[in-house]
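Presented below, as structure tokens, is a lone chain in the form predicted on its own.
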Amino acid sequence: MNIKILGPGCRNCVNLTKAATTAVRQLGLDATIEKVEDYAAIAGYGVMSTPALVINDKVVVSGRVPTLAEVRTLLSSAAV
């Protein structure tokens, strides 16, 4: 599984990265987490508001920090 956190490195981006990392660990998933801070790359996903969570090249959340439970649900759904 490929997970990307899109954002410039703000506090919300850091919080989303922590939530994603925790969810991956709790679920025991084989996943890589990549931080994307390049504005052109972020815009390439069609994201206008960060942070954004991308799972397997699909934007699943944008413009807010989802709860840990929500991240777990999104990752579980993508792992099936």
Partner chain sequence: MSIAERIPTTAKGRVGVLGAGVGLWALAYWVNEWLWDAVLFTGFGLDPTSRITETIHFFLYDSLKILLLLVIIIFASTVLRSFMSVERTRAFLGGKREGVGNILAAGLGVITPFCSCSAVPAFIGFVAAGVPIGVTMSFLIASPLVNEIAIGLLLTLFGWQITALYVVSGLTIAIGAGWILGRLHVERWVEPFVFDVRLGGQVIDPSLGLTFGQRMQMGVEEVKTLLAKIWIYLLVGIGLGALIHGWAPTDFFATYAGADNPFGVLIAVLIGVPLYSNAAGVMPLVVALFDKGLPMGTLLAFMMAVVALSLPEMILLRRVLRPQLLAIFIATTGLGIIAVGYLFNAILA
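Keep in mind it's a predicted model, so treat the numbers as computed, not measured. Positions refer to the first chain, counted from 1.
Beyond the structure shown, there is the form predicted in complex with the partner chain, which is absent from this document and is the topic of what follows.
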Quiz item: Can G28 be called a contact residue for the partner chain in the model of the complex at 4.5 Å between heavy atoms?
Solution: no
Self-check item: Contact test in the model of the complex: S49 vs the partner chain, heavy atoms, 4.5 Å
Solution: yes
Exercise. Could you confirm whether T21 comes within 4.5 Å of the partner chain in the model of the complex, counting heavy atoms only?
Key: no
Quiz item: Going by a heavy atom distance of 4.5 Å, is V14 a contact of the partner chain in the model of the complex?
Solution: no
Quiz item: Going through 35-71 from first to last, which residues have a non-hydrogen atom within 4.5 Å of the partner chain in the model of the complex?
Solution: Y39, A40, A43, G44, Y45, G46, V47, M48, S49, T50, V59, V60, S62, G63, R64, T67, A69, E70
